[in-house]
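In structure tokens, one chain follows: the form predicted alone.
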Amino acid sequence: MHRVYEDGGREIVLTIFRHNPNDEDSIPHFQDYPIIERPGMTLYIALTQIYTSMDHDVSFDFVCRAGICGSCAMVVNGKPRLACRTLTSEFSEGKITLLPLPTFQHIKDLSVDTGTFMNAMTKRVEGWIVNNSPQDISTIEKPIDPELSDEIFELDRCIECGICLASCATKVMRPNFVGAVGLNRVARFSLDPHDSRSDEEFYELIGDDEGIFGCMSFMGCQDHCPKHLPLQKQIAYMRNKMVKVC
């Protein structure tokens, strides 16, 4: 039973995975950090408290602290989540175990390299507007129907945190699988009327087992997406289009 203080705080324990793969003497292990929880405390705040007052060597990532950048994604008690959007009060027993996201290159402790994969994925699926028509910058851009614009914007809310990949069984088995993040990107541009690519051209990008046909529909990506994107709907949408091509 954890001690509860008069001001409403309670003692909790964060168990953090520690390892530096670049240090030959570093042995993977878990380290406990007891701290006093305060109202409204997030895992990001708890980790910052540990770093500033207990252990300057603990590594974790953050940028925005508002659930926008996706940098602080990590595995929390077995599930991938954003540290800045996860309250310590959600864990009634006061015991929280933190590990780095799987499937990405491990940097140190809770830090992983998501950028290398996301950059390669963007190039793989050509995640940008492709339009070979002559462009005249003096004219107004072709308008989009508001309902379609909202649908495209919904997919643009992806923050590339990597949680969908960390939740994906296919990604574990196939390291080159583009994952829900890549398929969502393709779906976004296939909807955009400014993009002139045909279904046949999109098929060349994702029409294999490392693309649209690799998904086994276990729903892990959608179940854990912190932005609640309709990932399985978009994957089904793209699979239906690609099947018609092949």
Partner chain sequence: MQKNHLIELLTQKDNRKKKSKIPARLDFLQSATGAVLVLFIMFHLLFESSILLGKDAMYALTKAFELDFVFKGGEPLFIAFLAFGVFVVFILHALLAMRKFPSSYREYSAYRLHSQMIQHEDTSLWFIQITTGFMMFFLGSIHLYTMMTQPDKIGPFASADRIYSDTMWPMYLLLLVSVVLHASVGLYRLIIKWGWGERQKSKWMIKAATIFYLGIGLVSLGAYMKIGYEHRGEYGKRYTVEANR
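Positions refer to the first chain, counted from 1. Just so it is clear, the structure is predicted and the values come from calculations on it, not from any experiment.
If you look for the form predicted together with the partner chain, you will not find it shown, but the lines that follow are about it.
Since exactly one of 85, 157, 95, 174 fits, which has a heavy atom within 4.5 Å of the partner chain in the predicted bound form?
Residue within 4.5 Å of the partner: 174.
Using a 4.5 Å heavy atom cut-off, which residue among 51, 62, 218, 30 comes into contact with the partner chain in the predicted bound form?
Exactly one listed residue reaches within 4.5 Å, namely 218.
If contact means any heavy atom within 4.5 Å, which of 140-148, 105-113, 166-174, 87-95 contacts the partner chain in the predicted bound form?
Careful reading of the contacts points to 166-174.
Could you confirm whether residue 78 comes within 4.5 Å of the partner chain in the predicted bound form, counting heavy atoms only?
Yes, residue 78 lies within 4.5 Å of the partner chain in the predicted bound form.
Is residue 195 part of the interface with the partner chain in the predicted bound form - any heavy atom within 4.5 Å?
No, residue 195 sits far enough from the partner chain in the predicted bound form that none of its heavy atoms falls within 4.5 Å.
Verify the contact flag for residue 205: yes if a non-hydrogen atom of it lies within 4.5 Å of a non-hydrogen atom of the partner chain in the predicted bound form, no if not.
Yes, contact at 4.5 Å.
Given that the partner is absent here, does residue 232 sit within 4.5 Å of the partner chain in the predicted bound form, heavy atoms only?
Residue 232: yes, in contact with the partner chain in the predicted bound form.
At a 4.5 angstroms cut-off on non-hydrogen atoms, which residues of 209-239 are near the partner chain in the predicted bound form? List them in order.
Contacts from 209-239: 209, 213, 214, 216, 217, 218, 219, 220, 222, 223, 224, 232, 236, 239.
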